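Below, in structure tokens: the form predicted on its own, a single chain.
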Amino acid sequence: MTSPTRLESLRHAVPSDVERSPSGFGIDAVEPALAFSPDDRNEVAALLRAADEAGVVVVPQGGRTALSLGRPLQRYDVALETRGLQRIVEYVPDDLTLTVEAGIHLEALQQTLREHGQYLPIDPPPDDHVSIGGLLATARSGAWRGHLPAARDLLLGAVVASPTGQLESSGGRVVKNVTGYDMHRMHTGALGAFGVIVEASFKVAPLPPVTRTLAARADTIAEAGALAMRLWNASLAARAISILAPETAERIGLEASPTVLIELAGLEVSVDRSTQIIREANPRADEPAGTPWERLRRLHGDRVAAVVRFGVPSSDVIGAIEAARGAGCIAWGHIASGAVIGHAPSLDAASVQRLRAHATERGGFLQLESGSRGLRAAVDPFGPGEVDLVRSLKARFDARGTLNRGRWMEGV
């Protein structure tokens, strides 16, 4: 247990008005002793420096949409909320570049961009309520991955607060000025293990003039897989091509049939041409009512259920869907990225290990993206990895284990 004296030193590091009640910051039924919500990056840096010197563990959090991702925390002393960092630092629409603070939510960022006919082309689960810092730290992606760049590919640069209290910059704010080592990429997907992202710069894109969703029903999962591959190779104006098992289709408001769900985006002539190709390949294809893509994102980002994500070759997407169904999951797959999502009320460790074996035997991987504390303690959510490399990076950037101790890899 951390001594009250050590915790008290953190109160003197930042203004008193940034302290919050810790009662709203529980993770895995554990509440921290202190919570802070700074609205300035220098306050974040000062708080981390004080925590590092006091030997306490800080857990950064923004939209709190991915708290069940990763191993259970080994310690949790202080909550560091980033939602106070909400400024748009610089936006140059003509250059298609944007710099924002890490606490801003994606939905607010997209609203600003829409006013200029632009957007950040990413669709992370569970919805646009994710914070930009959390989006980068978790690196979770949705149906657009493979058709559009991932968040790390759109990232031009970042400013990160280190546990030593330094504000470290890498990359730049415009494409032509991106220089130096890509240290910002190291923090993408690292679950805040090496530093707290406080600012990020992105390439943005023009909003597509027309979007359209079609649902093409098939008689079997294998038939749906063959259709998806055919459409993927047809040079459609597609932003997503996903295969849904019947249970998944029904869960998001569609007919309970094996379904290929396609999102088209682009010029009207391109979308119309793509629609014609799809209907020629599957005369049963129609435009579904409701918001199937939003429902699919929410299923992927469910924080109560057990959610696994395979990464497999596109040719094995159907096999992974069937494996997930065999473990009691509803399942779907994104053909371009080879990502297959399995969602179940609960899973046991043996089931996760069997699904992981299925993926690794095919040259892929499996991650447990959400699950109970007990499940995440019993089975490594990330599986085999470069543990020695991660430990060396942790020793270099967070030697005292001040940030998210144990969340990324065991012992890290």
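Keep in mind that this is a model prediction, so the values were computed, not measured. When you see a residue number, it is the position in the sequence shown, counting from 1.
There is another form of the same protein, the form predicted together with a small molecule; it is not shown, and what comes next is about it.
Although the partner is absent here, Leu48 lies well away from the small molecule in the predicted complex, with no heavy atom inside 4.5 Å.
Though the partner is left out of this view, Ser242 does not reach within 4.5 Å of the small molecule in the predicted complex, counting heavy atoms only. Put simply, Gly134 is close to the small molecule in the predicted complex: some heavy atom of it is within 4.5 Å. Ser37 falls outside the set of residues with a heavy atom inside 4.5 Å of the small molecule in the predicted complex. The stretch that touches the small molecule in the predicted complex, counting heavy atoms within 4.5 Å, is 121-129, out of 165-173, 263-271, 210-218, 121-129. Checking Leu67, Ala344, Val379, Val56 against the small molecule in the predicted complex, a heavy atom within 4.5 Å turns up for just one residue: Leu67.
Of the listed positions (Ala224, Val196, Val100, Ala158), a single one reaches within 4.5 angstroms of the small molecule by any non-hydrogen atom in the predicted complex, namely Val196.
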